[in-house]
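We give structure tokens for two forms of one protein chain below, kept apart as structure 1 and structure 2.
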Structure 1
Amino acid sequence: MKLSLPAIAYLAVFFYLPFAIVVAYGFGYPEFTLKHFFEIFNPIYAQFFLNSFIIAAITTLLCLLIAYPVAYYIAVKSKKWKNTLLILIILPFWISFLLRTYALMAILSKFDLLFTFTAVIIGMVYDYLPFMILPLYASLEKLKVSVIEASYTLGAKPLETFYKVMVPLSKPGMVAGCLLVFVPALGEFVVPTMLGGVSITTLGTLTWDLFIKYHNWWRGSALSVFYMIIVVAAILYYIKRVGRLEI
């Protein structure tokens, strides 16, 4: 116990205390007011929230659609290449979003796609795809080929097998993947800025602007508190759904 005190003290001062300060600023520190929360819900901001939500939702959906067959292929079909493919999926986790987005930017500029909505979506999918493939792979890996074959031999058609056997069994992976993509995508800052330019404002770019450009701590804090509530809700939903939190 004693040995953990330095680490706990460190987190208390440099992680938990700063969060308390954000909440305090959200409520108008040094006054106490709810006006900053009302401000972020005015119609101009609503457009930004909607942008973020649409981008995160499309990203999540595309990632799921693309990742599912790939995860399935790695988990069930490939034997010889399995480890190599897995390493290739894990490798992007070790490269920062900034670098990966920059690499994509270089290509997108060749196609004259830079600073478009499409570019932002491509960039988001590019960055977040591994976050979807890995949890899906983990849950599909447990689903052995025999289960699928059993379903076939019992007379189920491929589509039936997919809906009745694979989807329910891989649900924990799908839930985890979707949350791992959707929640951070909602606050994503690097991709919309680099690939969307000034034309696309999201929760992430808005936070940046409020803090770095306008120094409006109060409104920025209110926005952060709002985002944190979404994050906590998502984590609680996941714990309830899957029963535990695994990192």
Structure 2
Amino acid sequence: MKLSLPAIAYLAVFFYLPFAIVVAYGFGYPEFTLKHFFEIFNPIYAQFFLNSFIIAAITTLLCLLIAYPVAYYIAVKSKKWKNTLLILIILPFWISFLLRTYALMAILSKFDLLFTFTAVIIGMVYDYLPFMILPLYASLEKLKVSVIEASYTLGAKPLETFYKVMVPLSKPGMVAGCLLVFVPALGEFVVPTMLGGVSITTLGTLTWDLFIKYHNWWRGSALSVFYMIIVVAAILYYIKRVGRLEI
């Protein structure tokens, strides 16, 4: 218990205290009111919610489509190159998120894609792809090649083997990956702002505007608390269905 006190103190000061302040402002500090939560459901904010959901959904789907064959190859086919390939997947995390985004801006500007919806999707997939690959790898690594071979022996075609054998066995990793990509992508601020410009408005950009541009801490806090509720609900749903995160 004593060894954990520094960590608990750190979390209390730099996480729980700021979060408590946000919750307090969300409920109308110094008064108590729920009006700020009702205000975020104003129809004028509908486009922000819709844009965020569309971007998060497309990002999650593309990450899943790209990550599955990559994770399968690393887990089942790569053999002696497995560790090297995993390092290459993790390598971008060693570079600042902002620097990587600036690099993407330079590249996309050469193709006249900067400040477009396509640029935002490219940036989102690039930044969140490892979060999909790693959970899938953790699930697929447990997949025995003999199971796949047995499926072929019993007459199943490759597509049938994929849907009836591989997908069910890798489902925990798929769900974990989708959760780890969709939830943060829903509230992403940096990528839509830097790669999409003013043409792409999301929950992240809306929260920034409410806090910094309009100095409306109450409505911004209410929006942040609402987003946190979505995150907690998604995690609880996953735990209920799968049991634990596989990363």
Partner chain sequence: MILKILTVAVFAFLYVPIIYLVFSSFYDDGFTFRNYEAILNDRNVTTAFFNSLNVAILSTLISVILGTLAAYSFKKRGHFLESLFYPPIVIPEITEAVALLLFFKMLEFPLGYYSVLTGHIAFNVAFVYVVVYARASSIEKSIEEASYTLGANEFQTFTKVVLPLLMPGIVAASLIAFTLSWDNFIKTAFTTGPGFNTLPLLIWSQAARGVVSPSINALASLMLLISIVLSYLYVRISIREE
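Throughout, rigid core stands for the largest set of C-alpha atoms superposing within 1.5 Å between the two forms. It should be emphasised that the depicted structure is a prediction, and the values quoted were computed from it without experimental measurement. For residue numbers, the reference is structure 1: its sequence is counted from 1.
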Here the form predicted in complex with its partner chain is displayed as structure 1
Once you overlay the rigid core, does the Cα of L11 travel 2 Å or further between the two structures?
yes
